[in-house]
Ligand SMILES: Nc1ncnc2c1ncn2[C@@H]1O[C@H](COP(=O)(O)OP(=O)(O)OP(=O)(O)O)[C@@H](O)[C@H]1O
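Only one chain is shown below, in structure tokens, and it's the form predicted alone.
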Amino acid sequence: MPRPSREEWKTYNSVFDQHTNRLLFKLSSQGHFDELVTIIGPGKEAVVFIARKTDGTTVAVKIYRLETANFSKMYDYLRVDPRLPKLGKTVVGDPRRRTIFQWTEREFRNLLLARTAGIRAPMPIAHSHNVLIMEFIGEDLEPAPLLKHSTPEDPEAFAQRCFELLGRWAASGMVHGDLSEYNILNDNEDPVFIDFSHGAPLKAPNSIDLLRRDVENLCNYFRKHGVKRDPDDVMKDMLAHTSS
């Protein structure tokens, strides 16, 4: 694995504030990982790292930026989630950090729910404040590519699998809320859904709009690769099998 580039080191410097440094040391001392190796993907809200454990296995460590994350946008999503009173009860501190900590906790819980519903998603391992540790999807230190950068060999079969997973998630009473070719991995021709922080129950007032956005994003992407799906028909079928 090559050393991180200069730009990656800049990302490291913007992520590792004193609070996060102390938190990472605590999580490391608990045996969740030994060292951060390199960046999988830097983003405006969070940065995902590959971390190595003492036994040589790898995990993914997602760190939400405390200073630059759009906490007001996060709060707009959180405040309409009917589960919110159950989330982050022990979080203390300023409103910005409370919101980011709740956002991290919600993604952890959504990943657990996704796994329970039979969705191919990273297994969540641990979380604390703005740090989420989860299963690394890939081989050795090479992450599985985003669907955006790895067109399936059989787009029709891959699309069918994606719609099946999205339908299964809706049938469990949940929506992803941010699904697109940027949040699906192509893991050896098998889709893996990631980034579940926007996930919300179908009981949330904005859930149908979120589901429609997910469906339209998938339909638009696969249409470019010769796969035709009508968003209205897909929505109708999914809503007919929900447990909301």
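Each residue number is its position in the shown sequence, starting from 1. Computed from a prediction, not measured in an experiment: that's the story for all the values here.
FYI, the form predicted in complex with this ligand isn't displayed, but the following is about it.
Checking Leu113, Ile137, Ala159, Val131 for any heavy atom within 4.5 Å of this ligand in the predicted complex turns up a single hit: Ile137.
Between this ligand and the residues Gly167, Pro143, Pro152, Pro124, the one pair within 4.5 Å by heavy atoms in the predicted complex involves Pro143. None of 180-188, 201-209, 28-36, 215-223 except one has non-hydrogen atoms within 4.5 angstroms of this ligand in the predicted complex; the exception is 180-188. Of the heavy atoms in Ile194, some are within 4.5 Å of this ligand in the predicted complex. Using a 4.5 angstroms threshold between heavy atoms, Ile40 counts as touching this ligand in the predicted complex. A residue is said to contact a partner when one of its heavy atoms sits within 4.5 Å of a partner heavy atom; Val48 meets this definition for this ligand in the predicted complex. In the predicted complex, this ligand lies within 4.5 Å of some heavy atom of Ala60.
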